[in-house]
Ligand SMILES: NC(=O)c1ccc[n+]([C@@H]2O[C@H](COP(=O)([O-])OP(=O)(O)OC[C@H]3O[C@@H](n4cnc5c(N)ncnc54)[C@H](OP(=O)(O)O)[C@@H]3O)[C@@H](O)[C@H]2O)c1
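In the form predicted alone, a lone chain appears below as structure tokens.
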């Protein structure tokens, strides 16, 4: 039985990852920010860990929860954006900047070193949820530029991790999940969350060393950084 760790499983894409992997018989460890979210994850059969990814103490405690056990797949799904969406070169407030960058960038930089021993032990896979909006080469709009900057930084974090962890047999990938109908994506988005997650799962299942350090669409196509 494979062990799948989903960071940020309370809702949306993270919850769907937990649901689909649990339905397929994986041992799922799911983190949630609020105590009220634990029940629905336990109903899936997941082991739950309360974790706010902006809390350094909570992140440090994750190592204790894992207790050195192998993790076959770690998915970093936790992420935030600012609403309403900004257009143009609108300077972010200090609080908005800290909120987005701490959640989308600093948290993965703190989590990945903690997860590394468990991933190396299993020669597992690491998937981070990025966005096509983080691609510098594909950028054609200034909309939500704070979110864009955070996902570009996350891509660099993933790429750096792939260099070190790839040498130990871990496959590290950044994913664009598509524009998904979730609380973040909104009801007008064009992809159902089940289809997005199913697509990413197919890519993850087939991934090998050649996928390490790649930025991928949920359907498997490689994206430009």
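Numbering follows the first chain given and starts at 1. Treat the numbers as computed from the prediction; the structure is a model and nothing was measured.
From this point on, the text means the form predicted in complex with this ligand, which you will not see here.
Asks: Any idea which of 49-57, 22-30, 63-71, 158-166 reaches within 4.5 Å of this ligand in the predicted bound form, heavy atoms considered?
Replies: After filtering at 4.5 Å, what remains is 49-57.
Asks: Would you kindly say which of 184, 38, 198, 44 lies with a heavy atom within 4.5 Å of this ligand in the predicted bound form?
Replies: In short, 184.
Asks: Every residue in 11, 129 and 179 with a non-hydrogen atom within 4.5 Å of this ligand in the predicted bound form?
Replies: Affirmative, all three are within 4.5 Å.
Asks: When the contact criterion is heavy atoms within 4.5 Å, does residue 120 count as touching this ligand in the predicted bound form?
Replies: Because no heavy atom of residue 120 falls inside 4.5 Å of this ligand in the predicted bound form, the answer is no.
Asks: Is residue 80 a contact residue for this ligand in the predicted bound form, using a 4.5 Å heavy atom cut-off?
Replies: Close contact exists here: in the predicted bound form, residue 80 approaches this ligand to within 4.5 Å, heavy atoms only.
Asks: Give a yes/no on whether residue 144 approaches this ligand to within 4.5 Å in the predicted bound form, heavy atoms considered.
Replies: Although this ligand is absent here, residue 144 would stay clear of it in the predicted bound form, with no heavy atoms inside 4.5 Å.
Asks: So in the predicted bound form, does any heavy atom of residue 125 sit within 4.5 Å of this ligand?
Replies: Because no heavy atom of residue 125 falls inside 4.5 Å of this ligand in the predicted bound form, the answer is no.
Asks: Give, in sequence order, every residue of 83-119 that has a heavy atom within 4.5 Å of this ligand in the predicted bound form, or say none if there are no such residues.
Replies: Residue within 4.5 Å: 103, and no other.
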